[in-house]
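The chain below stands alone and is given as structure tokens, in the form predicted on its own.
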Amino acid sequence: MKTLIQNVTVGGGQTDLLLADGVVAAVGPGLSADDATVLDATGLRALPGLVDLHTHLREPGREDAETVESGTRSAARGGYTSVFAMANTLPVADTAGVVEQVQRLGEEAGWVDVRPVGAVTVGLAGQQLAELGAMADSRAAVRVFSDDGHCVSDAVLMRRALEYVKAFDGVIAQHAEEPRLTEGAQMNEGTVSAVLGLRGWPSVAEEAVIARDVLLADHVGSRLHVCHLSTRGSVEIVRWAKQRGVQVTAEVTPHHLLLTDELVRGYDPVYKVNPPLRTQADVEAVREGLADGTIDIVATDHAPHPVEAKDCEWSAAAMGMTGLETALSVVQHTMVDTGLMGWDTLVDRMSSAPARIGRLAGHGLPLEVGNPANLVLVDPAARWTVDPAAMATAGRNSPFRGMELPGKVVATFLRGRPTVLDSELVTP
């Protein structure tokens, strides 16, 4: 299969790209190729395929919310060529058998490369370490481990996990939440929670765990990744740790870059999420942190739910939001269009850095001759209105519904094969 992409913007200039045999075969103006499918990409920007380090595909066990097929279709439409599937499935991905099953489901679907995340503890229960070595040695070659949805709150267990993964260059991705500080919590602790009479979720519940864990990572000389960082204090702690030389990386979600706890005033459960939406001051802090590199990546924390899990009263509603098909647009809106960072920095935060943290080969690479042809074509000038019913994900719980956002994914290529053309899915 050959594809010739003409008049596309790469970096700071316009050029042509020839994709052939799964790689970028040529780069330069005025290219031609026999038997190639020609795409006129005037006005479009080519980026390396996006990589999401934090996706919930729900399968096995929660196919009522999402499947690997539907979730990866959603990822392709969002411009992603690889996603890391979190371990909180049923059964939990805490053995070599389960992570290999998730990997196989991703391969069968064929929309993006699926890399399983292994659980840190057995059953996400926080009592004993899972089979980290067996998962690392399995066909899935797991390198990222997380109990996401639960915090590894036991300091001794967290230390052991950090020490264990050093043997195979793994990383522990921590869901930073001190559970005793968030018992019964429903939203961010602050003025809005006081007015609404909802039990508050204090920022310190996140910050205390991050502070402990960066010290543990420093002590044992291991890699720590902080999931869905959401507060100003967390940004300051990670910044301090990096200045000290700690091997810590951090992510922020699109919804924490844009939305605040003021939206909870309407009691709409679509805005219920873990960690909760914070204040405008926190939003500004995480934007600044993402721009200056304190926060390394954007990760969606795509968390689809069946309708009944969100179409209920606030206290009974599940926590989580979808994000794969809106992430690029939200980051363009909050970071690029505001002048906080350029497209090259966006590529680092949404492609290169997540691939590097996850030790993912073949993704996040520059669009240069010989590199795998994993890329996305986006129209930065386009504007579109978010309609959850029109999305490929099985979840309808998008907090951006009805919003007009900039930037539209026009095409996605996985090793030179189009998975999306003209913003529509192309069956593998």
Partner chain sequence: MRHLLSAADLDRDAAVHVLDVAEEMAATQRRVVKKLPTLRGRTVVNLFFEDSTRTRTSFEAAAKRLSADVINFSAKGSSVSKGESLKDTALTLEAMGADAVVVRHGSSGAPHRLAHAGWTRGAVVNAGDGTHEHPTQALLDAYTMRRHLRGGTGDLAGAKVVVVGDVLHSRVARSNVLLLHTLGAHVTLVAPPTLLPVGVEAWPCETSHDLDATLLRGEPDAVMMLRVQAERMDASKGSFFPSAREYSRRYGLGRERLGMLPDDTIVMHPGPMNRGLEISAEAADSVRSTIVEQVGNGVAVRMAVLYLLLAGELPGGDA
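In this text the structure is predicted, and so the values were computed from the model without any measurement. Positions refer to the first chain, counted from 1.
Absent from the display: the form predicted together with the partner chain. The rest refers to it.
Contact with the partner chain in the predicted bound form, defined as a heavy atom within 4.5 Å, holds for exactly one of 262, 108, 337, 268, namely 268. Checked against the partner chain in the predicted bound form, the residues 167, 90, 155, 194 give one hit for a heavy atom within 4.5 Å, which is 194. Look at 225-233, 136-144, 116-124, 194-202: in the predicted bound form, residues with non-hydrogen atoms within 4.5 angstroms of the partner chain sit in 194-202. For residue 315, a non-hydrogen atom is located within 4.5 Å of the partner chain in the predicted bound form, even though that partner is not displayed.
The partner chain in the predicted bound form is not approached by residue 149, whose heavy atoms all lie more than 4.5 angstroms from it. None of the heavy atoms of residue 306 is located within 4.5 Å of the partner chain in the predicted bound form. Contact between residue 284 and the partner chain in the predicted bound form is not found at the 4.5 Å heavy atom cutoff. Looking at 172-190, the residues that come within 4.5 Å of the partner chain in the predicted bound form, counting any heavy atom, are 180, 183, 189, 190.
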